[in-house]
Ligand SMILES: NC(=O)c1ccc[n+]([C@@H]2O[C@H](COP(=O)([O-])OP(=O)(O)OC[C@H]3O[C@@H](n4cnc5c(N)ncnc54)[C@H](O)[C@@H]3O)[C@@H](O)[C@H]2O)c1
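In the block that follows, a single chain appears as structure tokens, in the form predicted alone.
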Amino acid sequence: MKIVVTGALGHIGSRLIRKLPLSFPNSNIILIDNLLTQRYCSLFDLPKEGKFAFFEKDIVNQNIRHLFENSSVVIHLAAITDATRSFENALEFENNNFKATKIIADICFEKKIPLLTLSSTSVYGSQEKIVDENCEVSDLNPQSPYAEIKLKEENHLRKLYEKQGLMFSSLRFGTIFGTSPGMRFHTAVNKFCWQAVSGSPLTVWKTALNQKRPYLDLDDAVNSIVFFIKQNIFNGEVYNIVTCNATVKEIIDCIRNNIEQLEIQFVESKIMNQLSYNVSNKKIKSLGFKFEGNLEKGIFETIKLIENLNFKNKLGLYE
């Protein structure tokens, strides 16, 4: 079996590539990443069971088609993911994210390779009721250029499926929490954990404290990808992958269970000035997938990892 992973060194990819050799023994795993974020550490200490080949390639600007020959499945993770930054860099996100997905989809169609792509629950935007995959496209309300581009990617893939038979499934991931070798700290849970351990105020958006949003444990994220491959689910549909829906207050309370003294600083942010939205995961659960992640456990593990950096300088040398 040959598995191609784009964006292989990112927050999700760096955990996934350690799971794949255990889930699919003797597979050849092709890792593609442009190293834009220089996460070389994601390649350190890869499982000895894996047969890895790494290629520093840019999907949009370099020829990568030959890397996909005789592949069994492609997992497309490559994307710029900082939704807040997309407000000021919409064209960059369009040129990178959408173009990359279009190129990968064309390769998979041409070579008849099943494709798993990541979308985002942020395509739902402001919603008054719990929402699921049956939500009409006209009712989707993406709140950022990042989310708008994700929806555009979904629509492009759906057209390729309907007109040309592209084999794919698109996974709408909730906001990731949990640790990985290539983890980032721009999303809510991980950012709050970093701020709490380092003694900085938790920067909470004024309108967000009691708003509910969907979150996804990194183990659940990786396990869902493995599940789709093992079950051979490439039916041209979208699936919500969400461990839980939680408010910012609930996240802060979980952090406070580990770090009692927290300072909250209320700030402004475009992306958080929206209503709550609550996302259903019943569709993927109906196929037999079980979510095992836990927000409190994920926060505990993240805090313990950061605490190992020893921010608290006992000698006070940097005060």
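Everything numeric in this text was worked out from a predicted model, so none of it was measured. Note that residue numbering begins at 1 and tracks the sequence as displayed.
Although not depicted, the form predicted together with this ligand is the subject of the following passage.
Decide yes or no: are Lys57, Asn96 and Gly174 jointly within 4.5 Å of this ligand in the model of the complex, with each residue judged by its heavy atoms? Affirmative, all three are within 4.5 Å.
Single option in Ser170, Thr243, Thr81, Ser224 placed near this ligand in the model of the complex, where near means a heavy atom within 4.5 Å: For this set of options, the contacting one is Thr81.
Go through Ile229, Leu115, Leu77, Val248 and name the one with a heavy atom inside 4.5 Å of this ligand in the model of the complex. Comparing distances to this ligand in the model of the complex, the residue within 4.5 Å is Leu77.
Among the candidate stretches 44-52, 287-295, 259-267, 29-37, which one is within 4.5 Å of this ligand in the model of the complex when only heavy atoms are counted? Residues of 29-37 come within 4.5 Å of the partner.
Indicate whether Thr179 is a 4.5 Å heavy atom neighbour of this ligand in the model of the complex. Contact check for Thr179: no, nothing within 4.5 Å of this ligand in the model of the complex.
Look up in the model of the complex whether Leu9 has a non-hydrogen atom within 4.5 angstroms of this ligand, and give yes or no. So Leu9 counts as contacting this ligand.
Consider Ser119 of the chain shown here, and say whether it contacts this ligand in the model of the complex, taking contact as heavy atoms within 4.5 Å. It does: once this ligand is placed as it appears in the model of the complex, Ser119 has a heavy atom within 4.5 Å of it.
Quick check on Thr187: any heavy atom within 4.5 Å of this ligand in the model of the complex? Residue-level check for Thr187: yes, a contact with this ligand.
Within 4.5 Å of this ligand in the model of the complex, counting any non-hydrogen atom, which residues from 205-244 show up? Sequence-ordered list is empty.
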